[in-house]
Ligand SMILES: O=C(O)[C@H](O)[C@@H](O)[C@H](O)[C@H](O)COP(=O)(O)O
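In the block that follows, a single chain appears as structure tokens, in the form predicted on its own.
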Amino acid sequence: MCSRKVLVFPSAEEMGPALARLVSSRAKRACSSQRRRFSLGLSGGSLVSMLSRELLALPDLDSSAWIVGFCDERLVPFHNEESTYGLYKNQLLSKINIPEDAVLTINPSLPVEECAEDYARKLSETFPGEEVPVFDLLLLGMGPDGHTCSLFPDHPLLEETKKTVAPIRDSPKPPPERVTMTLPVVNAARCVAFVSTGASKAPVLKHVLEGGEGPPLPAARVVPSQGELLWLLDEPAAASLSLQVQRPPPGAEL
């Protein structure tokens, strides 16, 4: 049964430290379990700068037992400004004590179908014995059309049930070639946290969280089967919601 919480913060600036505490607390929980490691899936966009800034501000951050993957990635060289891994490497990963082989990246030199297969193989090797990789925490964003990862409205990939990672050649948002985790992987996570800010997101957030006409948008199809679902919003993004939300006090653990 999925446990959903909608958490609203006065501003994106006040949300940032809470997001870092969420990552830190889930990491400590995972590393103290029998698994002895913390698996984190990252998304791009505005999340890169917020997460990098706030995690680096934490005192005594220890990421030596972390495994980091990417919820989706654009098929571009790592030095390209569109590369999510490239951005995180420059802003965060090169500045913390995470082992280099614990960061799971695509091989951007491969054709997109082979790239997806190669990344799926890396996940399988990293999560041995799990038919579907179970991440401790996935951090997701949402586009103004309700897409998340590289899963777009009305796209056939929304119905994918067998692949853990899928190629996409026709992304409506450039660049067109990408690889993405599929919904079975997203919904297997122990915790999924959406981060969404700004007034431009308010209409689609209302649709996703409260329902609306037509088929569910991709973000609304994220319902972890055994885990937590958190929505971290700022006040402008939450302005149109009529459902009950929580407003955590400063310093609260999520």
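Position 1 is the first residue in the sequence shown; the rest follow in order. This structure is a prediction, so every number in the text was calculated from the model and none was measured.
The following text describes the form predicted in complex with the ligand, which does not appear among the structures shown.
Contact with the ligand in the predicted complex, defined as a heavy atom within 4.5 Å, is made by none of Val192, Arg221 and Gly227. The stretch among 144-152, 159-167, 95-103, 110-118 whose residues place heavy atoms within 4.5 Å of the ligand in the predicted complex is 144-152. Contact between Asp72 and the ligand in the predicted complex is found at the 4.5 Å heavy atom cutoff. At the 4.5 Å threshold, heavy atoms of Pro216 stay clear of the ligand in the predicted complex, well away from it. Taking non-hydrogen atoms only, Ser64 never approaches the ligand to within 4.5 angstroms in the predicted complex. Within 4.5 Å of any heavy atom of the ligand in the predicted complex lies no heavy atom of Pro203.
In the predicted complex, not one residue of 2-32 has a heavy atom within 4.5 Å of the ligand.
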